[in-house]
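A single chain comes next, written as structure tokens; it is the form predicted on its own.
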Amino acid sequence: MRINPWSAVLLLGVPVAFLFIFFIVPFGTVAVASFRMPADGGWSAANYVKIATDGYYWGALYLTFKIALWVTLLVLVVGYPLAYTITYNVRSTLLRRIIYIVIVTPLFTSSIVRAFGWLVLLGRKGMVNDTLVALDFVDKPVQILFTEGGIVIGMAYIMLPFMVLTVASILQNINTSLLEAARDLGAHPIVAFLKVTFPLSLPGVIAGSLIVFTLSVSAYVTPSILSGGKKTVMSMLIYQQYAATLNFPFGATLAVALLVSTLLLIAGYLLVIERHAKG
């Protein structure tokens, strides 16, 4: 069936126009603003020089990516087995739907509410420390709140549904006859998983990792609340420049630097995966 050229233009034109209006134009505006000088309104690259030569901003950028990476790894370690269990071990369709509802329901709650909930759970007298003491894992409450670990835990909880849903959608489309064939040929279930299931589910792992990583890099509410002001990520610096100091050009410079750095990391990640797949 041939598609009318005008229909094709319409189908492609609408998403392209949407992307241009709501992404390209805003980013272009921010990029242009990053070269403005607030004092005289002139043009200069001084903001970028300041970021490149000041270790404080490099430290914030490093912490941002470090936390995002740990969140991604933690969510993958927890989310993949959960998605696998839901897909292959839960036989009841009703129970599977209930589990999905439980996983998705937190997304309908404000990030602020969930972050403050973790303030209570991770505190010295919170449920997490009480459980650790009761199980004799520690002798006294440990400092979890206002640390990198506390931020990672809170953000991993928020990002978990994205990984589970993404991986589960791929696992559900894997032809089960391939697993049956592997077992008929004498493959151990673990071997069948490593040789068949996991390689076929890699698109879901890659997509879920990218979603979680990018959302973690740009997260503001959870890190700002769970850090207690003791840890600073790039999103917090950008907010400070826009809302506190009203230095819009420098805030735009930080935003551009964060976006470009993230895109470079993602490009490198995809390049490594592509080379590994070809090799």
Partner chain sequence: MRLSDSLGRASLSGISILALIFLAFPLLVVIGISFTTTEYLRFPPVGLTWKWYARFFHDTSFVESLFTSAKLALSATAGALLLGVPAGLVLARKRFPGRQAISALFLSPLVLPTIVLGVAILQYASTMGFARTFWALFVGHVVLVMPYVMRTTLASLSGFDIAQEEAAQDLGATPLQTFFLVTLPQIKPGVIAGALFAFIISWIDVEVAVFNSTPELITIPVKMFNYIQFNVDPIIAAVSAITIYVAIVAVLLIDVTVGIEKATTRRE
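Positions refer to the first chain, counted from 1. What we label the rigid core is the largest C-alpha set whose atoms superpose within 1.5 Å from one form to the other. In this text, all values refer to a predicted model and were calculated from it rather than measured experimentally.
Beyond what is shown, the protein has a form predicted in complex with its partner chain; the following relates to that form.
- Taking a 4.5 Å heavy atom cutoff to its partner chain in the predicted bound form, the contact residue among Trp70, Tyr48, Phe248, Tyr57 is Phe248.
- Residues Ala8, Asn89 and Val104 are all found to lie within 4.5 Å of its partner chain in the predicted bound form, as judged by heavy atom distances.
- None of the heavy atoms of Trp43 is located within 4.5 Å of its partner chain in the predicted bound form.
- Its partner chain is not shown here, and in the predicted bound form it never comes within 4.5 Å of any heavy atom of Lys140.
- None of the heavy atoms of Phe35 is located within 4.5 Å of its partner chain in the predicted bound form.
- In the predicted bound form, its partner chain stays beyond 4.5 Å of every heavy atom belonging to Ala134.
- Taking a 4.5 Å heavy atom cutoff to its partner chain in the predicted bound form, the contacting residues in 199-225 are Thr214, Ser218, Ala219, Tyr220, Val221, Ser224, Ile225.
- The two forms, fitted on the rigid core, differ between the shown form and the other one by less than 2 Å at the CA of Leu263.
- Fitting the two forms on the rigid core leaves the C-alpha of Pro26 displaced by at least 2 angstroms between the shown form and the other one.
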